[in-house]
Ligand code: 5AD
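Next comes just one chain, in C-alpha cells: the form predicted on its own.
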C-alpha cells in the first residue's frame, strides 16, 4: 500500500509514470479514493475550481462509417436520420449564448459528407460572430480541411482515438485505418487547432494494458482535451450483447490522465452520468473540469443515440440548466466565465 501511495505522490508532483506503474495503479482498487483525491488536488492547483460549460449541438446523425459500438453506424436501419439546416444550427447557438450564457459551442455530427468544407466554414463564421469559442467534432478530415476550419475561426477539434490497441481498433472500426486516425489527430495539432481526443472504456477484449497505453498516448501527443467515457452497448449494433464499461475504471483512467497532464481540459462525460446517477459529479471530484450540456433541440436529440439513454440527457434554458449550476455550486465549484482554452503551464 505504501508503494502505491508513493506512485501516486510521484504522479502528483512529477506528472510522470512508467507503463508498469500505471498498470499497477489501474489494477489496485484499494487506492482508488487516494488516486481520485490526488487528481482533484492537481486539478484545483492547475485549472482551478471553475467548470467550463460547453453547449453541444448535434447537427447531423448521418455517418459514412460502420463502427460496431455506435448507434449512428451506417448499417443501423432503425434510426431516423436528420440534418439541421444552417439557420437552425445558428439559431440554436445564438440562443445558447444569449439565453444560457454559454461561452463555447461544440458542433458534433456523424461523418456526414453533405457538410463539405465550404458549408462548414460558412457555419463556423456565423457562429464565431457570437463571440464564442468553437469546437468541432465531425470526424476524419484532410489537413487542408482542418486548416480551413481554423482559418474560418474554429478553435478546437475533438477526434477520439477510442483505443490505441490497433487490433482492437480494427476489430470494432471495420474498413477504417488506424494509421489514418493517428495522422488525423496529429494534423489537427499541426493546423493550429487545439487537440481533443479520448477513449471508450469497456469494449470487448479491452485490457488494462491498452488503457495504460491510451494514457501514455494522450501525453505523447500533448493533448489539450481528453474525454473518457464508459462503453454502453446499443441494441442496434453488433455489440448489443456486450457487458459494457465500468464507471469506476473510467474514473481511474481519467484521474491518471489528470495527474500526467495536469493543465488540460477533461470533461465529465455524459456517458458517466448515463450509467450512474451523479456520475458526472463523481468525475468532477476526480479530476474533471468541463461539462458539455447537450443543447440540441429534443426534436433532433432523440435521434442522436450513440448509446441507449443518451438522448434523455441535455439542458434547455430553463430550470434544468439552473439545476446543473446549483449542483456545481453544491460541491464548492463555480461556472467559469472564460472561453476555457488550454492554458499550458507545463
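If you're wondering where the values come from, they're calculated on a predicted model, not measured in any experiment. Positions refer to the first chain, counted from 1.
Heads up, the form predicted together with ligand 5AD isn't pictured, but that's what we're talking about next.
- Each of 108, 160 and 200 is positioned with at least one heavy atom within 4.5 Å of ligand 5AD in the predicted bound form.
- Comment: ligand 5AD is not present in this chain, but in the predicted bound form one of 249, 123, 232, 184 has a heavy atom within 4.5 Å of it, namely 232.
- Distance criterion of 4.5 Å from any heavy atom to ligand 5AD in the predicted bound form singles out 70 from the list 70, 38, 57, 290.
- At least one heavy atom of residue 307 is located within 4.5 Å of ligand 5AD in the predicted bound form.
- With the partner left out here, ligand 5AD still marks one of 249-257, 90-98, 204-212, 223-231 in the predicted bound form; by a 4.5 Å heavy atom cut-off that stretch is 223-231.
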